[in-house]
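Taking the form predicted alone, here's one chain by itself in C-alpha coordinates.
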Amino acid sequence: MNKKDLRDYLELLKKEAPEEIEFVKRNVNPRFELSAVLAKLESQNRYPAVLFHQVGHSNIPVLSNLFATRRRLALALGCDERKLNEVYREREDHRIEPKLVKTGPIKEIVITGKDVDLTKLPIITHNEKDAGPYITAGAMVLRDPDTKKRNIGIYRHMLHGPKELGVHFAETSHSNLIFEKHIKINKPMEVAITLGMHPAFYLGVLSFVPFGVDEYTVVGGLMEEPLEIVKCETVDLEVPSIAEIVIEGIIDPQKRKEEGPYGEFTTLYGKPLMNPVIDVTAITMRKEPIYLDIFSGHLDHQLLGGTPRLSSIYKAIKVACPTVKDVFMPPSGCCRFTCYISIEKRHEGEAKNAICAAFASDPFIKYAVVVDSDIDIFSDSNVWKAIATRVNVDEDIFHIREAKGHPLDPTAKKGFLVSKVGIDATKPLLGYPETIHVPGSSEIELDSYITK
(Lines give C-alpha, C1' and ligand atoms only; values in the text may rest on other atoms or scores of the structure.)
Protein backbone atom coordinates (compact mmCIF):
# COMPACT_ATOMS: atom_id res chain seq x y z
CA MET A 1 0.00 0.00 0.00
CA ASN A 2 1.11 3.58 -0.74
CA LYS A 3 2.58 5.23 2.34
CA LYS A 4 2.01 8.75 1.06
CA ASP A 5 -1.54 9.60 2.01
CA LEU A 6 -2.96 12.69 3.69
CA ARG A 7 -2.48 11.27 7.17
CA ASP A 8 1.15 10.42 6.49
CA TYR A 9 1.73 14.01 5.41
CA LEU A 10 0.03 15.44 8.50
CA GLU A 11 2.25 13.33 10.74
CA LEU A 12 5.28 14.56 8.81
CA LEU A 13 4.09 18.14 9.20
CA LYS A 14 3.64 17.77 12.95
CA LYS A 15 7.15 16.32 13.24
CA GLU A 16 9.15 18.46 10.81
CA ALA A 17 7.28 21.79 10.91
CA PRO A 18 4.81 21.90 13.84
CA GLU A 19 4.52 25.67 13.49
CA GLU A 20 2.91 25.11 10.07
CA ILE A 21 -0.29 23.54 11.46
CA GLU A 22 -2.90 24.67 13.99
CA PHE A 23 -5.86 22.84 15.55
CA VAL A 24 -9.35 24.13 16.38
CA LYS A 25 -11.23 21.98 18.89
CA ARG A 26 -14.39 24.09 19.32
CA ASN A 27 -17.33 23.67 16.95
CA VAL A 28 -17.37 26.06 13.99
CA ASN A 29 -20.10 26.81 11.49
CA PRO A 30 -19.28 25.63 7.93
CA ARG A 31 -21.01 28.77 6.65
CA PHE A 32 -18.44 31.60 6.93
CA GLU A 33 -17.12 30.90 10.45
CA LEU A 34 -14.50 28.38 9.38
CA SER A 35 -13.24 30.64 6.61
CA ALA A 36 -13.40 33.66 8.96
CA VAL A 37 -10.85 31.94 11.21
CA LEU A 38 -8.55 31.50 8.20
CA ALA A 39 -9.12 35.10 7.08
CA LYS A 40 -8.26 36.37 10.57
CA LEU A 41 -5.00 34.42 10.51
CA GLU A 42 -4.31 35.80 7.03
CA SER A 43 -4.85 39.36 8.28
CA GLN A 44 -2.01 38.71 10.73
CA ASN A 45 0.21 37.41 7.91
CA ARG A 46 -0.17 33.85 9.19
CA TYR A 47 -0.94 30.99 6.81
CA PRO A 48 -0.94 27.70 8.77
CA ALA A 49 -2.83 24.62 7.73
CA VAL A 50 -5.76 24.31 10.15
CA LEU A 51 -7.51 21.13 11.23
CA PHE A 52 -11.03 21.86 12.51
CA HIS A 53 -12.17 18.93 14.65
CA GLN A 54 -15.87 19.86 14.87
CA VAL A 55 -17.68 21.50 11.95
CA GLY A 56 -21.41 22.09 12.18
CA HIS A 57 -23.50 18.94 12.55
CA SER A 58 -20.95 16.71 10.80
CA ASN A 59 -18.74 14.25 12.64
CA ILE A 60 -16.04 14.64 9.95
CA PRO A 61 -13.10 16.99 10.70
CA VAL A 62 -12.09 19.55 8.08
CA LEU A 63 -8.53 20.36 7.02
CA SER A 64 -8.14 23.67 5.21
CA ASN A 65 -5.41 26.09 4.09
CA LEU A 66 -3.04 23.16 3.54
CA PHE A 67 -1.47 24.58 0.36
CA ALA A 68 -0.96 28.17 1.53
CA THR A 69 2.86 28.10 1.86
CA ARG A 70 5.61 26.99 -0.47
CA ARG A 71 7.36 25.47 2.52
CA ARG A 72 4.52 22.97 2.98
CA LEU A 73 4.46 22.19 -0.74
CA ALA A 74 8.21 21.59 -0.67
CA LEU A 75 7.83 19.34 2.38
CA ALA A 76 5.35 17.28 0.35
CA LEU A 77 8.10 16.62 -2.21
CA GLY A 78 10.76 16.13 0.46
CA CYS A 79 12.87 19.08 -0.65
CA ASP A 80 13.99 22.53 0.41
CA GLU A 81 11.63 25.38 -0.44
CA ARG A 82 14.21 26.94 -2.79
CA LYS A 83 14.42 23.66 -4.72
CA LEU A 84 10.65 23.18 -5.06
CA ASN A 85 10.39 24.30 -8.69
CA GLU A 86 13.45 22.33 -9.78
CA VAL A 87 12.37 19.11 -8.05
CA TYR A 88 8.86 19.43 -9.47
CA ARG A 89 10.21 19.84 -13.02
CA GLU A 90 12.50 16.83 -12.72
CA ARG A 91 9.89 14.47 -11.28
CA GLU A 92 7.15 15.66 -13.63
CA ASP A 93 9.28 14.36 -16.50
CA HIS A 94 9.79 10.94 -14.86
CA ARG A 95 6.21 9.74 -14.85
CA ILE A 96 5.27 6.41 -13.25
CA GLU A 97 2.22 4.39 -14.29
CA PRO A 98 -0.40 3.81 -11.54
CA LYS A 99 -0.95 0.37 -10.04
CA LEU A 100 -4.45 -1.15 -9.94
CA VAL A 101 -5.18 -2.89 -6.63
CA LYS A 102 -8.26 -4.80 -5.45
CA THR A 103 -9.23 -2.63 -2.50
CA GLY A 104 -8.02 -0.04 0.01
CA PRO A 105 -9.10 2.21 2.88
CA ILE A 106 -11.34 4.22 0.52
CA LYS A 107 -13.68 1.19 0.44
CA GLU A 108 -14.15 0.98 4.24
CA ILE A 109 -17.55 2.72 3.87
CA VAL A 110 -19.60 2.44 0.66
CA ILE A 111 -22.82 4.45 0.27
CA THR A 112 -25.04 4.03 -2.79
CA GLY A 113 -28.60 4.59 -4.00
CA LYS A 114 -31.12 6.21 -1.66
CA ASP A 115 -28.54 6.43 1.14
CA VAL A 116 -26.38 8.95 -0.76
CA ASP A 117 -26.59 12.32 1.00
CA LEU A 118 -23.99 15.00 0.27
CA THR A 119 -25.39 17.25 3.00
CA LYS A 120 -23.78 14.96 5.59
CA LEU A 121 -20.37 16.13 4.39
CA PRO A 122 -19.02 19.35 6.01
CA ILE A 123 -19.00 21.30 2.73
CA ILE A 124 -17.86 24.89 3.34
CA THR A 125 -19.31 28.25 2.29
CA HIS A 126 -16.26 30.51 2.16
CA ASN A 127 -17.09 33.99 0.95
CA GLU A 128 -20.02 36.31 1.63
CA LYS A 129 -21.60 36.21 -1.83
CA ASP A 130 -20.77 32.62 -2.77
CA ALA A 131 -23.92 31.01 -4.13
CA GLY A 132 -23.71 28.23 -1.56
CA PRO A 133 -21.41 25.56 -0.14
CA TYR A 134 -18.66 24.46 -2.52
CA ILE A 135 -16.40 21.42 -2.72
CA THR A 136 -13.08 23.07 -3.55
CA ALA A 137 -10.48 20.29 -3.14
CA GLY A 138 -12.02 17.68 -5.40
CA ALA A 139 -9.74 16.06 -8.00
CA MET A 140 -12.16 14.83 -10.64
CA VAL A 141 -11.29 11.95 -12.96
CA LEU A 142 -13.11 11.30 -16.25
CA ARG A 143 -12.39 9.34 -19.41
CA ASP A 144 -12.00 10.40 -23.05
CA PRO A 145 -14.67 8.52 -25.05
CA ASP A 146 -12.34 8.24 -28.06
CA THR A 147 -8.97 7.28 -26.57
CA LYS A 148 -10.32 5.81 -23.29
CA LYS A 149 -7.55 7.68 -21.47
CA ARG A 150 -8.11 9.26 -18.06
CA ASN A 151 -7.99 12.99 -17.38
CA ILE A 152 -7.85 14.49 -13.90
CA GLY A 153 -8.26 18.09 -12.76
CA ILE A 154 -9.60 20.20 -9.90
CA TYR A 155 -12.86 22.10 -10.40
CA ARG A 156 -15.36 23.91 -8.24
CA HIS A 157 -18.47 21.95 -7.25
CA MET A 158 -21.49 23.79 -5.86
CA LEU A 159 -23.80 21.77 -3.64
CA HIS A 160 -27.20 21.72 -5.36
CA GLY A 161 -28.84 19.07 -3.19
CA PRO A 162 -28.33 15.74 -1.40
CA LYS A 163 -27.53 13.98 -4.69
CA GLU A 164 -26.52 16.84 -6.99
CA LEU A 165 -23.32 18.83 -7.48
CA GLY A 166 -22.50 21.53 -9.99
CA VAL A 167 -19.25 21.60 -11.93
CA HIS A 168 -17.48 24.45 -13.68
CA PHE A 169 -15.11 23.35 -16.44
CA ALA A 170 -12.49 25.96 -17.30
CA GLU A 171 -12.97 26.88 -20.93
CA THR A 172 -9.42 25.92 -21.90
CA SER A 173 -9.21 22.75 -19.78
CA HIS A 174 -8.70 19.26 -21.17
CA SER A 175 -11.78 18.12 -19.26
CA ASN A 176 -13.92 20.64 -21.10
CA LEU A 177 -12.68 19.24 -24.41
CA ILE A 178 -13.63 15.73 -23.26
CA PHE A 179 -17.04 16.93 -22.06
CA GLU A 180 -17.65 18.53 -25.46
CA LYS A 181 -17.00 15.12 -27.03
CA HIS A 182 -19.71 13.65 -24.78
CA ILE A 183 -22.10 16.42 -25.77
CA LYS A 184 -21.43 15.74 -29.45
CA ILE A 185 -22.34 12.05 -29.10
CA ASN A 186 -25.03 12.82 -26.48
CA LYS A 187 -23.54 10.34 -24.03
CA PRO A 188 -23.55 10.79 -20.21
CA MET A 189 -20.06 11.34 -18.78
CA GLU A 190 -18.96 9.35 -15.74
CA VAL A 191 -16.87 11.14 -13.12
CA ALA A 192 -15.33 10.46 -9.72
CA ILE A 193 -14.11 13.14 -7.30
CA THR A 194 -11.26 12.45 -4.87
CA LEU A 195 -11.33 14.46 -1.64
CA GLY A 196 -8.32 14.21 0.64
CA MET A 197 -4.92 12.97 -0.50
CA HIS A 198 -1.24 13.73 0.01
CA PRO A 199 -0.37 17.23 -1.33
CA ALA A 200 1.90 15.66 -3.98
CA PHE A 201 -1.26 14.12 -5.49
CA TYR A 202 -2.82 17.56 -5.94
CA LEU A 203 0.37 19.05 -7.36
CA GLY A 204 0.45 16.15 -9.82
CA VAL A 205 -3.12 16.30 -11.09
CA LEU A 206 -2.65 20.03 -11.78
CA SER A 207 0.41 19.41 -13.96
CA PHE A 208 0.36 21.09 -17.38
CA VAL A 209 1.11 17.95 -19.36
CA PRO A 210 -0.07 17.53 -22.98
CA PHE A 211 -3.61 16.42 -23.69
CA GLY A 212 -3.84 12.64 -23.47
CA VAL A 213 -1.27 12.23 -20.69
CA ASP A 214 -2.75 10.56 -17.59
CA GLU A 215 -2.12 12.88 -14.64
CA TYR A 216 -1.99 9.84 -12.34
CA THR A 217 1.39 9.09 -13.96
CA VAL A 218 2.62 12.56 -12.96
CA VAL A 219 1.43 11.92 -9.41
CA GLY A 220 3.51 8.75 -9.44
CA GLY A 221 6.53 10.72 -10.59
CA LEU A 222 6.12 13.32 -7.84
CA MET A 223 5.56 10.64 -5.19
CA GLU A 224 8.40 8.52 -6.62
CA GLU A 225 6.20 5.43 -6.49
CA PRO A 226 3.16 4.14 -8.43
CA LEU A 227 -0.15 5.61 -7.30
CA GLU A 228 -2.30 2.71 -6.16
CA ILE A 229 -5.81 2.97 -7.60
CA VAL A 230 -9.04 0.98 -7.21
CA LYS A 231 -12.13 0.58 -9.35
CA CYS A 232 -15.13 2.74 -8.48
CA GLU A 233 -18.43 1.23 -7.34
CA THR A 234 -20.89 2.70 -9.85
CA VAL A 235 -18.78 4.19 -12.67
CA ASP A 236 -16.03 2.76 -14.87
CA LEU A 237 -13.22 4.82 -13.39
CA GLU A 238 -10.34 4.48 -10.93
CA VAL A 239 -9.48 6.51 -7.84
CA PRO A 240 -6.67 6.44 -5.23
CA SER A 241 -7.03 3.50 -2.86
CA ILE A 242 -5.88 5.62 0.10
CA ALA A 243 -8.07 8.68 -0.47
CA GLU A 244 -10.23 9.99 2.37
CA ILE A 245 -13.51 10.46 0.45
CA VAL A 246 -14.62 9.75 -3.14
CA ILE A 247 -17.83 10.96 -4.81
CA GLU A 248 -18.99 9.08 -7.92
CA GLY A 249 -21.50 10.37 -10.42
CA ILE A 250 -22.77 10.93 -13.94
CA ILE A 251 -23.10 14.17 -15.93
CA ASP A 252 -26.04 14.38 -18.34
CA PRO A 253 -24.63 16.30 -21.35
CA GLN A 254 -27.84 18.35 -21.65
CA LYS A 255 -28.60 19.10 -17.98
CA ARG A 256 -27.70 22.55 -16.61
CA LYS A 257 -28.32 24.54 -13.42
CA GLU A 258 -27.32 28.04 -12.43
CA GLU A 259 -24.05 27.98 -10.47
CA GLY A 260 -22.23 30.94 -8.90
CA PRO A 261 -21.24 33.56 -7.99
CA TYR A 262 -18.09 32.09 -6.49
CA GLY A 263 -14.97 33.65 -4.96
CA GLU A 264 -12.22 32.93 -7.49
CA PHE A 265 -8.41 32.99 -7.29
CA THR A 266 -8.59 36.59 -8.55
CA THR A 267 -10.06 37.53 -5.11
CA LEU A 268 -13.17 38.58 -7.07
CA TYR A 269 -16.49 36.83 -7.63
CA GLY A 270 -17.04 34.88 -10.80
CA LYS A 271 -20.44 35.57 -12.32
CA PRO A 272 -23.35 33.06 -12.23
CA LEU A 273 -23.31 30.54 -15.09
CA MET A 274 -25.53 27.76 -16.37
CA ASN A 275 -23.20 24.84 -15.70
CA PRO A 276 -23.39 21.03 -15.93
CA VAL A 277 -24.73 18.95 -13.04
CA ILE A 278 -23.31 15.77 -11.49
CA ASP A 279 -25.94 13.26 -10.40
CA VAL A 280 -24.20 11.48 -7.56
CA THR A 281 -24.42 7.69 -7.57
CA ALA A 282 -22.09 6.74 -4.71
CA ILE A 283 -19.90 8.02 -1.89
CA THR A 284 -17.04 5.91 -0.54
CA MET A 285 -14.78 6.84 2.34
CA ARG A 286 -12.57 5.74 5.18
CA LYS A 287 -14.15 4.86 8.52
CA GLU A 288 -13.03 8.15 10.07
CA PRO A 289 -12.33 10.40 7.07
CA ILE A 290 -10.81 13.86 6.94
CA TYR A 291 -12.57 16.32 4.65
CA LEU A 292 -10.05 18.43 2.71
CA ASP A 293 -11.05 21.98 1.83
CA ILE A 294 -9.28 24.70 -0.17
CA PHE A 295 -9.81 28.27 1.04
CA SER A 296 -11.15 29.67 -2.22
CA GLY A 297 -10.03 33.09 -3.39
CA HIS A 298 -7.08 33.12 -1.00
CA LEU A 299 -3.45 32.02 -0.95
CA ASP A 300 -4.39 28.36 -0.39
CA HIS A 301 -6.25 28.47 -3.70
CA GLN A 302 -3.74 30.64 -5.56
CA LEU A 303 -0.51 28.87 -4.62
CA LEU A 304 -1.77 25.37 -5.33
CA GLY A 305 -2.99 26.37 -8.79
CA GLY A 306 0.03 28.51 -9.59
CA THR A 307 2.90 26.24 -8.54
CA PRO A 308 2.46 23.48 -11.16
CA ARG A 309 2.22 26.10 -13.94
CA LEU A 310 5.80 27.17 -13.26
CA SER A 311 7.19 23.98 -14.78
CA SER A 312 5.68 24.43 -18.24
CA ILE A 313 6.53 28.15 -18.23
CA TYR A 314 10.16 27.42 -17.35
CA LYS A 315 10.47 24.77 -20.05
CA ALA A 316 9.05 27.09 -22.71
CA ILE A 317 11.38 29.92 -21.70
CA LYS A 318 14.39 27.61 -21.68
CA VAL A 319 13.95 27.08 -25.44
CA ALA A 320 14.17 30.84 -26.01
CA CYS A 321 16.73 31.51 -23.27
CA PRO A 322 18.85 28.48 -22.27
CA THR A 323 20.28 30.30 -19.25
CA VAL A 324 16.95 30.81 -17.49
CA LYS A 325 17.46 30.11 -13.78
CA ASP A 326 13.92 29.99 -12.40
CA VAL A 327 10.42 31.46 -12.67
CA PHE A 328 7.84 32.50 -10.11
CA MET A 329 4.24 33.73 -10.19
CA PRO A 330 3.93 35.80 -6.99
CA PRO A 331 0.85 36.01 -4.76
CA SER A 332 0.77 39.75 -5.50
CA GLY A 333 -0.38 38.74 -9.00
CA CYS A 334 -2.75 36.04 -7.70
CA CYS A 335 -0.13 33.40 -8.70
CA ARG A 336 -1.39 33.74 -12.27
CA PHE A 337 -1.19 37.22 -13.79
CA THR A 338 2.42 38.22 -13.01
CA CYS A 339 5.54 36.19 -13.78
CA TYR A 340 9.07 36.91 -12.57
CA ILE A 341 11.85 35.33 -14.64
CA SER A 342 15.47 35.00 -13.52
CA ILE A 343 18.14 34.61 -16.22
CA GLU A 344 21.92 34.60 -16.56
CA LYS A 345 22.05 37.28 -19.23
CA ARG A 346 24.43 36.72 -22.16
CA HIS A 347 23.05 38.92 -24.94
CA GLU A 348 21.06 42.15 -25.18
CA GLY A 349 17.48 41.41 -26.27
CA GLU A 350 17.53 37.98 -24.68
CA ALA A 351 15.16 39.09 -21.92
CA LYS A 352 12.53 40.15 -24.43
CA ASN A 353 12.66 36.70 -26.04
CA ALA A 354 12.14 35.14 -22.62
CA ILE A 355 9.14 37.42 -22.04
CA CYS A 356 7.55 36.42 -25.35
CA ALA A 357 8.06 32.76 -24.50
CA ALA A 358 6.36 33.27 -21.14
CA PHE A 359 3.37 34.95 -22.76
CA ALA A 360 3.07 32.13 -25.28
CA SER A 361 3.34 29.41 -22.63
CA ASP A 362 0.53 30.57 -20.34
CA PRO A 363 -2.38 32.83 -21.35
CA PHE A 364 -2.92 33.91 -17.74
CA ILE A 365 0.31 35.95 -17.68
CA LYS A 366 -0.25 39.69 -18.19
CA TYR A 367 2.95 41.08 -16.70
CA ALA A 368 6.29 39.38 -17.32
CA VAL A 369 9.41 40.76 -15.65
CA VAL A 370 12.91 39.46 -16.40
CA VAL A 371 15.69 40.08 -13.87
CA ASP A 372 19.34 39.11 -13.48
CA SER A 373 20.25 36.09 -11.38
CA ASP A 374 21.39 38.33 -8.50
CA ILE A 375 17.76 39.35 -7.90
CA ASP A 376 15.57 37.18 -5.66
CA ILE A 377 12.43 36.50 -7.73
CA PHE A 378 10.62 35.23 -4.62
CA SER A 379 10.75 38.78 -3.21
CA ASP A 380 8.46 41.43 -4.68
CA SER A 381 10.60 44.20 -3.18
CA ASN A 382 13.78 42.87 -4.79
CA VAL A 383 12.11 42.65 -8.18
CA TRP A 384 10.72 46.15 -7.86
CA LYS A 385 14.17 47.43 -6.86
CA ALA A 386 15.46 45.98 -10.13
CA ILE A 387 12.64 47.69 -12.03
CA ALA A 388 13.40 50.98 -10.25
CA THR A 389 17.16 50.91 -10.87
CA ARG A 390 17.69 48.91 -14.07
CA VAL A 391 14.78 49.76 -16.38
CA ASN A 392 14.96 52.40 -19.09
CA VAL A 393 11.26 52.92 -19.73
CA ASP A 394 11.70 53.96 -23.37
CA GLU A 395 13.72 50.86 -24.27
CA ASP A 396 12.96 48.11 -21.76
CA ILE A 397 9.15 48.01 -21.57
CA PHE A 398 6.86 46.85 -24.34
CA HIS A 399 3.10 46.49 -24.63
CA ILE A 400 0.96 43.95 -26.52
CA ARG A 401 -2.66 44.89 -27.19
CA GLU A 402 -5.55 42.40 -27.50
CA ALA A 403 -3.62 39.25 -26.67
CA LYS A 404 -5.39 36.08 -25.53
CA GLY A 405 -5.84 36.03 -21.80
CA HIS A 406 -8.32 34.24 -19.55
CA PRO A 407 -12.03 35.01 -19.08
CA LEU A 408 -11.62 35.17 -15.27
CA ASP A 409 -9.25 38.13 -15.72
CA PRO A 410 -11.38 41.13 -14.66
CA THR A 411 -9.73 43.31 -17.33
CA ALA A 412 -10.56 40.91 -20.20
CA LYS A 413 -12.63 42.31 -23.05
CA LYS A 414 -14.60 40.39 -25.69
CA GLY A 415 -14.27 37.26 -23.61
CA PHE A 416 -10.50 36.61 -23.61
CA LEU A 417 -8.65 39.70 -24.85
CA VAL A 418 -6.23 41.54 -22.54
CA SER A 419 -3.24 43.84 -22.83
CA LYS A 420 0.13 42.46 -21.76
CA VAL A 421 3.28 44.21 -20.56
CA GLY A 422 6.84 42.93 -20.76
CA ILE A 423 9.58 44.47 -18.62
CA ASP A 424 13.30 43.84 -19.13
CA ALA A 425 14.72 44.66 -15.69
CA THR A 426 18.17 43.24 -16.41
CA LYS A 427 21.34 45.33 -16.31
CA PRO A 428 22.98 46.36 -19.58
CA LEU A 429 25.94 44.08 -20.24
CA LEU A 430 28.26 47.09 -20.49
CA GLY A 431 28.45 50.42 -18.67
CA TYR A 432 26.21 49.71 -15.67
CA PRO A 433 27.48 50.86 -12.22
CA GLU A 434 28.79 48.22 -9.84
CA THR A 435 26.48 47.10 -7.01
CA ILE A 436 27.66 48.02 -3.51
CA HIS A 437 29.05 45.28 -1.30
CA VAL A 438 30.09 45.16 2.35
CA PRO A 439 33.02 42.74 2.80
CA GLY A 440 33.03 40.25 5.65
CA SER A 441 29.32 40.28 6.52
CA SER A 442 28.84 36.60 5.76
CA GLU A 443 31.45 35.67 8.37
CA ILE A 444 29.94 37.78 11.16
CA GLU A 445 28.50 35.87 14.14
CA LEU A 446 26.04 38.38 15.57
CA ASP A 447 25.76 36.69 18.96
CA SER A 448 29.36 37.61 19.66
CA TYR A 449 28.61 41.30 18.96
CA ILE A 450 25.12 41.96 20.25
CA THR A 451 24.23 41.51 23.91
CA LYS A 452 20.71 41.18 25.32
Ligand SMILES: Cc1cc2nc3c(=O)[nH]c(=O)nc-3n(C[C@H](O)[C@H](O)[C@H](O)COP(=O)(O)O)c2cc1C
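Please read these numbers as outputs of a predicted model, since none were measured by experiment. Position 1 is the first residue in the sequence shown; the rest follow in order.
There is another form of the same protein, the form predicted together with the named molecule; it is not shown, and what comes next is about it.
Within this chain, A131 is remote from the site of the named molecule in the model of the complex, having no heavy atom within 4.5 Å. When contacts are judged by a 4.5 Å heavy atom cut-off, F208 counts as touching the named molecule in the model of the complex.
When the named molecule is considered in the model of the complex, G305 lines it closely, a heavy atom lying within 4.5 Å. Although the partner is absent here, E215 sits close enough that one of its heavy atoms falls within 4.5 Å of the named molecule in the model of the complex. Proximity of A320, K404 and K420 to the named molecule in the model of the complex is absent: no residue of the three has a non-hydrogen atom within 4.5 angstroms. The stretch from 338 to 346, 367 to 375, 169 to 177, 266 to 274 that comes within 4.5 Å of the named molecule in the model of the complex, counting heavy atoms only, is 169 to 177. For the candidate set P330, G153, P261, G78, a heavy atom within 4.5 Å of the named molecule in the model of the complex is found for exactly one residue, namely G153. The single contact residue among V141, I242, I278, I294, judged by any heavy atom lying within 4.5 Å of the named molecule in the model of the complex, is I294.
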